[in-house]
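Below you'll find only one chain, the form predicted alone, shown as structure tokens.
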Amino acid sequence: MRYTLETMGTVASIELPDGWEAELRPMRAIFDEIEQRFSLYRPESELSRIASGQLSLSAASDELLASYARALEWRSSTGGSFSPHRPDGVIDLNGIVKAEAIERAGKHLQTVGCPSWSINVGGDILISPTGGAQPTGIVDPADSSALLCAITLGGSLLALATSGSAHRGDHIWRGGSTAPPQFIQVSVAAADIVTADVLATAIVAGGRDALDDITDRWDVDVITVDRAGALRTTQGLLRSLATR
């Protein structure tokens, strides 16, 4: 059955087998805890208090420091295309913590033995490693009510994340560049949701150079849409296109 939760400024759609709805409560607790800690829209959150100077980074919780350290590792490995810092220097972990929430929720379901499930938070999707292949849609950047395509998740690719400016505006900073992004939408399929989400953001930020670098170095499948509406895809993604 499919359930919906409003959380982290968006909607989570969770599919669970019949009889497993009790797991929605601990999953909501995971999402709420991360939102309360990391949201820069909540002045009382831990990250907001660091941004405002009320709390020093050295006094931050272990959970926040772990996410920040993970984001810094991704900044290094992507050559700065992904960054946890806004141009004004404010620490902003929005590019990783939603994926971490999905990751934690998925680990919870695995720990309790849920046989099949999927978690979709704002279009970022993780499926059960034991639930079999699953067709998964990618939204059309020109029409949010339509699909650009559908791919099959499963096997070594369990996660899909989409980033870009088509529906949320240009919210991804690009090393101080004011030029329009080359890609208005990037979708990445990967083995885990954090890798998928971070690399989708990095490709939007870094453009074609980042796309070439990332697809050379990571085992991911990618589809991009540029400003003229042209598509680029990896061969793996073409092979995973779901047929109706």
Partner chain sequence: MRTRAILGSILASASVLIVGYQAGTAVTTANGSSLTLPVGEVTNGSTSGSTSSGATTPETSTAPTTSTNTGTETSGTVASGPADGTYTGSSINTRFGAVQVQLTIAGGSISEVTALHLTDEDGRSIQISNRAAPVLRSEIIASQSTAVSNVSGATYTTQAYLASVQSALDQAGAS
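Keep in mind the model is a prediction, meaning the values are calculated, not measured. Residue numbers count along the first chain shown, from 1.
Keep in mind that the form predicted in complex with the partner chain is not shown, yet the notes after this line are about it.
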**Complete:** Of 115, 87, 132, 135, the only residue with a heavy atom within 4.5 Å of the partner chain in the predicted complex is 135
**Request:** Counting non-hydrogen atoms within 4.5 angstroms of the partner chain in the predicted complex, say which of 192, 213, 46, 63 makes the cut.
**Result:** 213
**Message:** Although the partner isn't part of this model, could you tell me whether residue 160 comes within 4.5 Å of the partner chain in the predicted complex, counting any heavy atom of the residue?
**Reply:** yes
**Asked** Might residue 80 be said to contact the partner chain in the predicted complex, defining contact as any heavy atom within 4.5 Å?
**Response** no
**Request:** Considering only heavy atoms, tell me if residue 218 and the partner chain come within 4.5 Å of each other in the predicted complex.
**Result:** yes
**Prompt:** Is residue 145 one of the residues lying within 4.5 Å of the partner chain in the predicted complex, judged by heavy atom distances?
**Reply:** yes
**Message:** If the criterion is a non-hydrogen atom within 4.5 angstroms, does every one of 19, 29 and 106 touch the partner chain in the predicted complex?
**Reply:** no
**Heavy atom within 4.5 Å of the partner chain in the predicted complex - qualifying residues of 1-17** = 2, 4, 6, 9, 10, 11, 13, 15
